[in-house]
Each structure stands twice: as structure tokens, then as C-alpha cells.
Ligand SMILES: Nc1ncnc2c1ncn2[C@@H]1O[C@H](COP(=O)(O)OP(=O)(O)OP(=O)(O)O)[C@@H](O)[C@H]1O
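Taking the form predicted on its own, here's one chain by itself in C-alpha cells.
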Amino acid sequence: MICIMSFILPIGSGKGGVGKTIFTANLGIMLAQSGKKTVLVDLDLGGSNLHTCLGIKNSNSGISAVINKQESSIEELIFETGVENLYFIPGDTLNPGTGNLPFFIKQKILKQLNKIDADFVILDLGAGSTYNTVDFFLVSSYGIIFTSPETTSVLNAYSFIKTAVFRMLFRSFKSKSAERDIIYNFVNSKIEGSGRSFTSDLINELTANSYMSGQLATQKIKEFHPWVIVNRAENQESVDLGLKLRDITRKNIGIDLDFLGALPEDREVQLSIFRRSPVALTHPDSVFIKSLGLIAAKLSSGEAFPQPELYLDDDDLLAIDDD
């Protein structure tokens, strides 16, 4: 059994503009300040700006150095941020093609993330539900879905979770297997409003094909425990939206989605972008940072859970062959 030294924490969102990257930067700082060695990785491929939220110039080699084979390991890209215990692997906004990640490079990065020597490795992912983004989210069973209280943002968060579950189950079975065909056909049929359950009905179909396949799918779903955080929460109704997302996800998808917390609207957060200085450093007594501190404390006291064992997505290889 491989011992995972770090707690890998991917952070995703169903849509952009919800404050995910600002949250990631300040969370990393707070974990580092608590004594945890933390590495922030900008995996918003093609649109990275985590360095801006950290107040760091984008002058170091980033992920494209691995993609373009200029560096053999992402560990060679780690550099100090100036905050004790906080390290950073930048993305690449100036290198075209970074967002179109080749299959083999994606698998290489996924494997190397587990080898980073740190207490926390936090992944700032791109917004949306592309397979590259979802595959990085699935590197851990305990990622964060970051959303705002707007209905569209919550619906996109729900869509992200559903895509992640489909992708997780799909990759749990070998390429060209009957199970993959069952999962693909099920997900591409109309589910919402049909009375069919995303998980129970799908598991029944898998079980009808093979008892062991149904058991494996059930176990994968039990192991998947993402968290949700609601940003810019102005009142109890904002918090209730996060709780509603949790309840709907449990009912319709069968995933044990935990509500990790809510972060209030705070003018200092927006000003920190113009100042190019994280609010955790400039205004540690702000209402945003006080709320974030509660979330950081919950994460800091947790244990690193086993990572899911998923097959490589050979369908990506088939796509390469077609090019």
C-alpha cells in the first residue's frame, strides 16, 4: 500500500467569477500560518491567475514547462512565496495551448501530485466541467466545490458534481468494458424529471450485468465525499442554498456532500485584487478571514484519506489516434 504523505485538496467550481482563486490563495496562507507546509498549484490551464491573488509576479516557469518537456517533474517548479511554509507552482497565462493538455502529460501530472512533500497540496482548478478539470478534481476523494448563492452558480455546481460522479464511475472500469457502455448510455439518457435515480438505477443496471460491478460502483460512491462552500453569503438564505445543494445531491446522486461553510461578502477581498496583496496578510481581522479561519481549522485537523484507484482513461488515447 502506497503511503500518501500529503492531503491533496482540489478546488473546483461550476462557473467562473465566484471567487474560487481568491479563496484558494487565502486558504493556503492560513494553513501555512498554522504551521502546515502548503503547496498551491495553479491548474487553471489556459487562464491561470493565482499568482495575482498571491501578489506574486508571474516570472517563474509554470506547468507548461512540464507540458513542453522543459522540466521533467512538477516538483522542479515549486518556489517560495515569501510566506513561511507556503510554496507555489504557477500556471501559464502566456503560453498558448496549455489548456489543451495531452493525455500522457495529464497522467504524469496526476501521478506526480501525490509525490509532493507537503502537508497540503491545494489545486486551483479551472471553472467548469471539462474532463481535464474533473480528472484533476478526482485526484482526491475530498475536493471542494466552491459556489456563490446565485441560482445559476448553484445549478452549475450541481452539474459539476454530477459530471464528476459520472467520470469517476466511468474510470472505475476498464476501457471497452460493458460497464463503461452501461454508464455512458445511462448518463446520456434523460434523467432529470424522469423519476430515475442517477445512482440507484445506474447501480441496478451495473449489478444486472455483474454483481461485482454493482458492488464496485457502490463502494466508489461511498468513498467520494466532496465539500461545498458558499461564497458571498449575505444572509441565512444564502447559506440555505448551500444546504439545499447538499440535500439535492444526496437525494438525486447519492453522494454524501458535506457543507463546509459560508464566507461573507467583504469589500476588503475585492480591494485585495487591486492591491495585489492577499487579504489574509493585509486584513487578518476582516470578517472574510475570520470565517475562512474556521474552515482552515476544520481542514487542518483532518486526516489524509486514501486516494481513489481509477483506471487511465484509454478513450483519450483513442482520441489521439484519431488526430
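The model shown is predicted, which means the values in this text are computed figures rather than measured ones. Residue numbers here begin at 1 and follow the sequence given.
If you look for the form predicted in complex with the named molecule, you will not find it shown, but the lines that follow are about it.
Interface residue remark: residue 19 is counted as part of the site for the named molecule in the predicted complex, having a heavy atom within 4.5 Å. Using a 4.5 angstroms threshold between heavy atoms, residue 65 stays clear of the named molecule in the predicted complex. Heavy atoms of residue 269 reach within 4.5 Å of the named molecule in the predicted complex, making it an interface residue.
The named molecule in the predicted complex is not approached by residue 56, whose heavy atoms all lie more than 4.5 angstroms from it. In summary, among the residues 291, 277, 33, 49, the only one with a non-hydrogen atom within 4.5 Å of the named molecule in the predicted complex is 49. Here is the short version: of 254, 261, 284, 264, the single residue with a heavy atom within 4.5 Å of the named molecule in the predicted complex is 264. Residues of just one listed stretch (291-299, 57-65, 269-277, 33-41) have heavy atoms within 4.5 Å of the named molecule in the predicted complex: 269-277.
Of the residues in 214-235, those that come within 4.5 Å of the named molecule in the predicted complex through at least one heavy atom are, in sequence order, 231, 232.
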